[in-house]
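First, one chain by itself in C-alpha cells, the form predicted on its own.
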C-alpha cells in the first residue's frame, strides 16, 4: 500500500478486484469445484504451471485469489495464500519449512490451539524449543544448526505480551533463520510487521480481518526479503531456482495444495468484504477497549490487563510499534473461578463465545475452554489462571459496555 494516503483510503483502493467479466466492483463468488477448458492441451499447460488459469478450487479459485491479493497489498508482501483456518495457515507454514529433526523457537504464551499443534508436530519429529520471551538473548541462546524458524505472536492472547519485532527479526536473521509472526490480534491497522523486519505474517482471518464472525479462514503473507540458504532450509531445495520466492512456491505448489487446506470461495468473499471496514472497526474497538480497561481498573478487587494502562509492562510499545493503540483484547482476574463465572453470566451486552475480533463484544473463561487441555505451566505462561476473564471488545457504545461490566463486577461481590 502507498504510504502517502490514509489507511482506509488505501484499504479500499489497493488490491482491488479486477478482471471479472461483468466489471463487478466486488469479486463474484466463484462457487465451483472445477473450471472448463476448450482443449486438453490448454488444461495441461495450467496443471504444469506454464499457463495462467484455474483448474480446481482446491488449488486455485478467482474469488480466493482476489482476497489473497487484497491482504497481500495491505501487508506489503510479495504474495499471499489463503487457507481454511488460522490453524491451517500456521501448520502449512511450519511444515513447508521444516523436516523431521528440525527445530522451531517459539514463545511460551501462545494461543492454546497453537500449543496443541506444536505438540502434534513433535510426533512428526519437528521439535519446538520454548522461550518465556522471544528476544535477542533467548534466540541467541536457543538457536542450533537444526533451528529453521522463530515463531511468535505480535500480541499474545490473552496475556498481552508484546513481541519486539525489530529486535527478534535482527536476532533471527543473524542466525540465518526467518521470523514468522502471528499478527491476528494486532491486525495491519496497528502494525505492518514487514516494516519492522518480520519475514512471514500469518492471520486467522476469522477474527478482525473478517470482523463479522461469519467465516473461518487464515492467510499467510510472504514478505519476500529473506535470503534462503537452501542447504540449511533443505525443505525448500526443490524450489531453489525461485530464489526469494522459494517459500511461497513451496507452500502453494506442495504443502497447501497437497494438504488441502484451501479457503472456501464464499468465505473468501465474506472476508474480502469484511476487511474493507477494518480501519473503522479497529479505531472504534481500540477506543472502546481503552475506555473499558481504564474504567475497570478503578475497581479495587479485580486486576485488569490492557496495553494502554500506564503500569502495563509493554506499555511503551503502544506508541513505538502500535501507532498509539492497545488493540481489542483485555483480560482481568476476578479472584476466583466462581466469581469469574458470575461476572460473565450476568453481562447484558457481551456474548459468551470463543471467538475474538467480532464487531460484538465477546467474553469467555479461557481456562475452562481454550486451555482446557493445556498443562498448568503453559497456561500460566499464556496469562491464563482460574480466575481469568478474557474480553474481545466490540463496537457497541462504550458507555453501555462500561456500565454493563461495572454492574456485573459490583454485583458479583454480593
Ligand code: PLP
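Just so you know, these numbers come straight off a predicted model, no measurement behind them. Positions refer to the first chain, counted from 1.
From this point on, the text means the form predicted together with the ligand, which you will not see here.
Not one of 72, 79 and 187 is positioned with any heavy atom within 4.5 Å of the ligand in the predicted bound form.
At the 4.5 Å threshold, heavy atoms of residue 128 stay clear of the ligand in the predicted bound form, well away from it. The closest non-hydrogen atom of residue 111 lies within 4.5 Å of the ligand in the predicted bound form. Residue contact with the ligand in the predicted bound form: residue 106 places no heavy atom within 4.5 Å of it.
Under a 4.5 angstroms non-hydrogen atom cutoff, the ligand in the predicted bound form lacks residue 233 among its neighbouring residues. Though the ligand is absent from this view, in the predicted bound form it lies within 4.5 Å of a heavy atom of just one residue from 90, 343, 263, 200, which is 90.
This chain is drawn without the ligand; in the predicted bound form, the residue among 281, 250, 207, 148 with a heavy atom within 4.5 Å of it is 207. Stretch 149-157 is the answer when you ask which of 238-246, 307-315, 129-137, 149-157 has residues with heavy atoms within 4.5 Å of the ligand in the predicted bound form. Taking a 4.5 Å heavy atom cutoff to the ligand in the predicted bound form, the contacting residues in 70-87 are 85, 86, 87.
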